[in-house]
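Structure 1 and structure 2 below are two forms of the same protein chain, each written out on its own as C-alpha cells.
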Structure 1
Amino acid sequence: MIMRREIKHFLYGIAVLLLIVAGTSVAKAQNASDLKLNEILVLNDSNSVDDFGMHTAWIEIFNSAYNTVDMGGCYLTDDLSNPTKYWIPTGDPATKIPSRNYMVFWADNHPTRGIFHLNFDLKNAKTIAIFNADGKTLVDKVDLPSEHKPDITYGRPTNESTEWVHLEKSTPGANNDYTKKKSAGESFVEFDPYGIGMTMIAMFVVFMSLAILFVIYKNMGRFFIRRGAAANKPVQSEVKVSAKHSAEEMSGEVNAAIAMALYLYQSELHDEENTVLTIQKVSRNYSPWSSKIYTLRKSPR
C-alpha cells in the first residue's frame, strides 16, 4: 500500500513537471517582447526586390530570443496614434521567426500581395513601431531620420546595439554585423593559452558528476531499503496475528490428539523382514523350470 502511494506521488510529480515545461514553452513561443526592429530601407532604387520583382521599401525584424516567436496577431505601424494599422494574420507558419533569426516586411502599400506586404509605405514615415497582439503594448519602435540616401539602410550595427546608424551594407534577412568574428575556441585560447583553465574545468565537471551520482545512488538505495522494510512489515504482523488467533482457537482435545499422534509415530515398532525368498507351494507337482533333467549334464561316454 505504501509502495503504491509512493509510485502514485512520483507519477503525479512527473505530470506536474511536464505541464509546467509545456506551459513555459507555449508561453515563450507566443512572447513577442523579444522582437526588435533591426534594419529599415526607405529609398530602394536598386536594392533587394520583393517576391514580385519590385524595388520597394522594407522593414527587417529580429528575434532576439533563443526560442521561436510567432508574430501572428501583432501589429506594424508608421503612426503611433494608430497602433493597429497593419495586423499580421495568425495561423500561418510563415510568421514564426526562429531563434536569433530575421523577418522582412515590404512597405509597398499593397497588402493584397501577401501577408508580408504592408498597407503603408515609408515615403513620409517618421516612426516605425511594433505593437503586441493587444494593440496597446509597445514592443519596439524607432524614429527615422529626416533624410535618407538611396539604397542606404538605417539599422543597428549589431544585434545587441541600441544605437541606430546608416549602415555601409544592406543585409535584409541577415545579421547587420558582417565583420569577422573570433570563434569561441579562439577566444578561449587567448584567455587560457596554456590550458590550465580548461584542465580545472574538466576536473571540476568530472568530480561534480561523480558526487552527483554518489548522492543519487545512495538515496536510491535508502529508498528501496525503506520500501522493502515497509512492504515486509505488514506480512510479519499478519503472520503473528494469525498464529495468535490459531493458538487461542485450539482446544485441549485437539492438543491431546496431536500429542498422542506424535507419540505413536515415534514409538511405533515395525517388523523387519528378511530378504530370503521361499516357495512354499507350487501350483503343480511338475514344473519344467525345476526339473533336474535340464540342470544335469549327461556323462560323457
Structure 2
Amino acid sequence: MIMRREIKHFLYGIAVLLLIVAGTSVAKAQNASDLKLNEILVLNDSNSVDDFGMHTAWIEIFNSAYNTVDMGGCYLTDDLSNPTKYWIPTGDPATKIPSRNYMVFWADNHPTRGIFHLNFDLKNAKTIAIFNADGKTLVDKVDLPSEHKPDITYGRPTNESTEWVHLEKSTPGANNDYTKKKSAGESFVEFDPYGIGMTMIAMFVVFMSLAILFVIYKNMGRFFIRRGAAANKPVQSEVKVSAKHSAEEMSGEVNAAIAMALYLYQSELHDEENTVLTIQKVSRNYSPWSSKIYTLRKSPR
C-alpha cells in the first residue's frame, strides 16, 4: 500500500517536472526570447562600413539577458509572412552574444559575404523581426517609419525602452544611451549625504527580516512545546512502569559508557595525533647474528 502511494507520488512528480520543462522550452528556447532589436540604419551614406568596406544598412541586436545567448538557429526577416527568410547558421562561436552585449547584421542582400550579411536589404522594408529557432515564435519586431534620413538611425533611446525614435548619434555595437549616468550609490548619496536614510532603511529591513523569524519561531516554539507536552503525557498507570523500566534498563555503567563515548566523540580523540615518534629500545640479551636458531629453519614436528 505504501509502495503504491510512493509510486503515485513519484509519477506525479515526474508529470509536474515534464510540464515545467515543456513550458520553459517553449518559452525560453536558447534564451532567444531575451534578444531585442535595438537600432537600425536604413540609409547608410557615410556611416559605419562593413568588413568589405561598403556602406550598407545594418540591424543591431541587443542581448538583454545576464547570460550569453546563441543566436544561431534563429531567423531574421523583413517580411512577417516569411518568418524564416534568413537563417542564422548554427555552431558558429561568432553568433554568441555575451551578456548585455550587441551584435550587428549587415542588411546588404549579399549572404555570400558571411553569416552577418543578410539575404535582404532595407530599401523597401516595413518591418524587421527576429523569430525563434522554431521559425514560428516571434521574439521581437519593429515597424519602420515610412521615411528615413541618411545616416540617422532608428532605435531604442535606452536598452530598456519600448519606444523607438530617430537617434541623434548612431552607435552600432554599443549602448544607444551614451549620456553620463550616476551610479546607484551616487544617486543614493545625493539624497542621503550623511547615511542617515540608509541607516534607517537598512536597520528597518534587518529588524523586519529577523522580527518575522522571531514571530514565526515564537509561535512555532509554543506549538512544539504544546505538542511535546501532549505526546509525553503518560497514562497514570504507565508512569510507575516506565520509571521502573528506565531505572532497571539504565544502569550506572551504561550511563558512564554513554558519557565516555560522547566525550570521546566530542573531543575527537585519535583524529589528531601529536605526530611525535618515540623509539623504544628493545633490550635483547642475544644477537640474531650469534644465534643459530634465526638462521635455521624449524624442523617439522
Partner chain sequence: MGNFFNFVIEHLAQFLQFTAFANMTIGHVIMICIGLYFIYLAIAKEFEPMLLIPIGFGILVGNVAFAPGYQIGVYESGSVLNYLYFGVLQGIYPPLIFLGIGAMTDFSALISNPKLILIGAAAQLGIFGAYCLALALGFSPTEAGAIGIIGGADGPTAIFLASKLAPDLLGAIAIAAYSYMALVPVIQPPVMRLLTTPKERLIRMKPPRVVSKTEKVIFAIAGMLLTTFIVPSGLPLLGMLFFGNLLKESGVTKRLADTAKGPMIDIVTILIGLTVGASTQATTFLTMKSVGIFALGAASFVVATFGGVMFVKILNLFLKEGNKINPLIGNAGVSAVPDSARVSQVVGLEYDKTNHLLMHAMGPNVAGVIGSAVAAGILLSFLA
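C-alpha atoms forming the largest set that superposes within 1.5 Å between two forms make up the rigid core. The first residue in the sequence of structure 1 is number 1, and each one after it adds one. A quick note: this is a predicted structure, and the numbers were derived from the prediction, not measured.
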Q | Structure number, where the criterion is the form predicted together with the partner chain | A | 2
Q | Core-aligned CA displacement of Val165 at least 2 Å between structure 1 and structure 2 | A | no
Q.
Once the core is aligned, does Ala257 move its Cα by at least 2 Å between structure 1 and structure 2?
A. yes
**Q.** Rigid core superposed: Arg222 CA moves 2 Å or more between structure 1 and structure 2
**A.** yes
Q) Once the rigid core is matched, what's the CA displacement of Gly197 between structure 1 and structure 2 in angstrom? A) 5.5
